[in-house]
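In the form predicted alone, a lone chain appears below as structure tokens.
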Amino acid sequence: MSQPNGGTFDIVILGAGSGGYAAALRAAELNLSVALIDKAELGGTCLHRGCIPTKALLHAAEVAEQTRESEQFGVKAELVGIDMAGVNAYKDGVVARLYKGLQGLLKQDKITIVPGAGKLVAQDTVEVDGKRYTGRNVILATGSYSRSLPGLEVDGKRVITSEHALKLDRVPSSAIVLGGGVIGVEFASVWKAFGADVTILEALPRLVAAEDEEISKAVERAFRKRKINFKVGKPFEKVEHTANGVRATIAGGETVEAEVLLVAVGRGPTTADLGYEQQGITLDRGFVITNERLHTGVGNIYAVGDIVPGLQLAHRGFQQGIFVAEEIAGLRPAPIDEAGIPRVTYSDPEVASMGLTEAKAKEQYGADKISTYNYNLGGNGKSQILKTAGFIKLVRLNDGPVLGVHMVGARMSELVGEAQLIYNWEAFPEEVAQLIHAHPTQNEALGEAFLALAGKPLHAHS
């Protein structure tokens, strides 16, 4: 018996997160017909359970810290407490407004929205609730889920993931954060600002271990100052329930007790039981393998976002979605340089980086070919006004372009745009040093760092 036909489209997209909806919007601009399929809300993890709600919490945390420390600015204020109902209402309001805007954009572009769980049943067909949608091209964009560890059962109450943490109606009195990567340090920052006692457990030798080593050390110093506890280099062994919460054991038999344990050990690709392998698509540890043009090697099937090996970032998926839509339209866009994707951790302090770390640059080019320079934010007027500490680290190829920009301090995320241009345009420090940066801004710190690397330091000397 034949299946009911949902229609034929230029592109059928499975997954409506950052990568999927970006592909849909760009394809519609290029006059391609699109079916966008998702079992959950349009916008995916980033909008509803990731980037947006977590950053709303982080902003509320920043307001709490500023209130607590207001007297140093001559403002007398008292932090009475954290109203989680009010915080959640603010967070959910931000998400709702963005969600409504996205729905409007997709409707305006006449994109066919198909709610329901889709499965790839042929190289050109996705089936949803018994109805088949055929695409001249198919884009897989099914995103990721919060990973756990073998034997570590998430119950959603005492042992939770970031999704559960976003819905908490209270501030836990104490929390263990399992994982010192981006998600872990961001939630540790929030909970500490809200008044919780926080301990991070990280098996790797340092926090935010994917960042430049000096940046990691700066984050650790700042966390010590904020009295955020952390234990690094000791793998997690087990968790037990106690009368009041949980007890976590790490290598060596050391234990930590708290009200809740947040599992923040990374995200896994959502590819199981979706028909990918049956259609000949190659998976590696669940990730979809593609070429540099994001083609799977099967039919006209492409993949974007968290299911493709590499950085699991919303803006990466977003750019990949645009790339694939343009590729299908025959525009032959330039392949995406993975090292040219900005990386930001929105903890307090913030970390923002572009390009190669010092270690990676030396590994790639040889230690004698690499120069670095650190500019301390203490020399920057706006950073003094904000009372923030940190630095900007530059990595360059001797007599060549900038290979990496690494920043730590308040509001560093807002500087990563210029860092991206510098890296992606393969600019030389001498070229950047000619640019004029408004005074007083933190953006000046980038300008000063490049002046120094170009051999003409003004406010900073080696």
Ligand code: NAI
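Numbers for residues come from their place in the sequence shown, where the first is 1. Keep in mind the model is a prediction, meaning the values are calculated, not measured.
A second form of this protein, the form predicted in complex with the named molecule, is not displayed here; the remarks below concern that form.
- Comment: the named molecule is not present in this chain, but in the model of the complex one of 261, 111, 201, 139 has a heavy atom within 4.5 Å of it, namely 201.
- Among the residues 172, 181, 269, 245, the one placing a heavy atom within 4.5 Å of the named molecule in the model of the complex is 181.
- The named molecule is not drawn, but in the model of the complex it has no heavy atom within 4.5 Å of residue 328.
- Although the partner is absent here, residue 312 sits close enough that one of its heavy atoms falls within 4.5 Å of the named molecule in the model of the complex.
- In the model of the complex, the named molecule stays beyond 4.5 Å of every heavy atom belonging to residue 211.
- Although the partner is absent from this view, residue 55 contacts the named molecule in the model of the complex, with a non-hydrogen atom inside 4.5 angstroms.
- Stretch-level contact analysis of 220 to 228, 285 to 293, 120 to 128, 183 to 191 against the named molecule in the model of the complex, using heavy atoms and a 4.5 Å limit, identifies 183 to 191.
- Heavy atoms closer than or equal to 4.5 Å to the named molecule in the model of the complex belong, across 315 to 354, to the residues 344, 345, 346, ordered by sequence position.
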